[in-house]
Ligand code: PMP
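What follows is a single chain, given as structure tokens, in the form predicted alone.
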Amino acid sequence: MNSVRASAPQLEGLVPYDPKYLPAQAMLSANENPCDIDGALRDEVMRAVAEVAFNRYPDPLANELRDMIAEANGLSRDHVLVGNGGDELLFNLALAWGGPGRKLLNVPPTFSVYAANARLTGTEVVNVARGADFAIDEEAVIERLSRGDIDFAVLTSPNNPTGELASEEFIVRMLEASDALVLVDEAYFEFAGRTVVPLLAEHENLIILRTFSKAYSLAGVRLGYVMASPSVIRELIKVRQPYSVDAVSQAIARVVYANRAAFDPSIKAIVAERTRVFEELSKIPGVKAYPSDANYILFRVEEAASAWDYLYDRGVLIRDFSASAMLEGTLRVTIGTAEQNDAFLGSLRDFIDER
């Protein structure tokens, strides 16, 4: 049998993104909303899906959904682009603003996909590491941007996995430091209650990413969107895959977005539980929890990998970052239902007691 030619050189040594999707009684690893959409809304979704013509291609740009998102944010359709989850849009950003000879400014520790997309597109990654307790080194970021050779920058707010918001004042400074395109990833903004959408009116180099996967309980549907100036959206349309958002996903998202107020109670419940879980974690000897504006909490504990195993053996799945650079000794727990959170806290206390 003939051998196969080697793949592209940028793939050598690249470790695929692994969300550690494992079965568990308490799924607290992927930052999902623990509540599925309720029965009445699900019925409305199914009626909308029943009207989809499966033999026809979907609207390639999901224009009806674009219009809904634009209106809700005081924008027009040409400021919005919908994608197959935020992941597709992040890759499109790297395709459109990255490439050989171009640079991404990254602020680790943060979502690993940013740097992975840069590597896949031949983009140089310029890291400006966070400081103590994961605070952004704001002056270092501004100084690096002001040199003028950065093509795009990514800042998650709240940051994943560390949980903290970036200040609006700092984001304005980033936007004014150069003409680099600045992506503010607001995947978790519903849990923080703060957004930089008003800055779009004055900053052509701002782009904001959001998702339906978290607050709106649609992680299984795969749909996200960006908001930016029309000039930026036009460039992203050039690199996107045609028909990337299928007709069924569009129909589901339209119903959910029209009824997004129905998710307010679950969002408020998650925020309240986040406060409770943080307070309880802070009482456990040997555990350091980091304040969070998202729907998860990062915490540090001795023998973190063993703690992860212990919890998983008891049906509680959380995310292990203990072997990741700049996150050594840490674990991240998604805020679930009160019962799931109690199971997590109880198991972690048992682990500490047994040690």
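The structure presented is a predicted model; accordingly, all values stated were derived computationally and were not measured. A residue's number is simply how far along the shown sequence it sits, counting from 1.
We do not show the form predicted together with this ligand, though everything after this point is about it.
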property: All of 114, 187 and 222 with a heavy atom within 4.5 Å of this ligand in the predicted complex; result: yes
property: Partner proximity in the predicted complex: residue 244 to this ligand, non-hydrogen atom cutoff 4.5 Å; result: no
property: Interface membership of residue 90, this ligand in the predicted complex, 4.5 Å heavy atom rule; result: yes
property: Contact label in the predicted complex: residue 211 to this ligand, heavy atom within 4.5 Å; result: yes
property: Close approach of residue 160 to this ligand in the predicted complex, 4.5 Å, heavy atom; result: yes
property: Per-stretch contact check against this ligand in the predicted complex, the hit in 127-135, 258-266, 142-150, 203-211 (non-hydrogen atom, 4.5 angstroms); result: 203-211
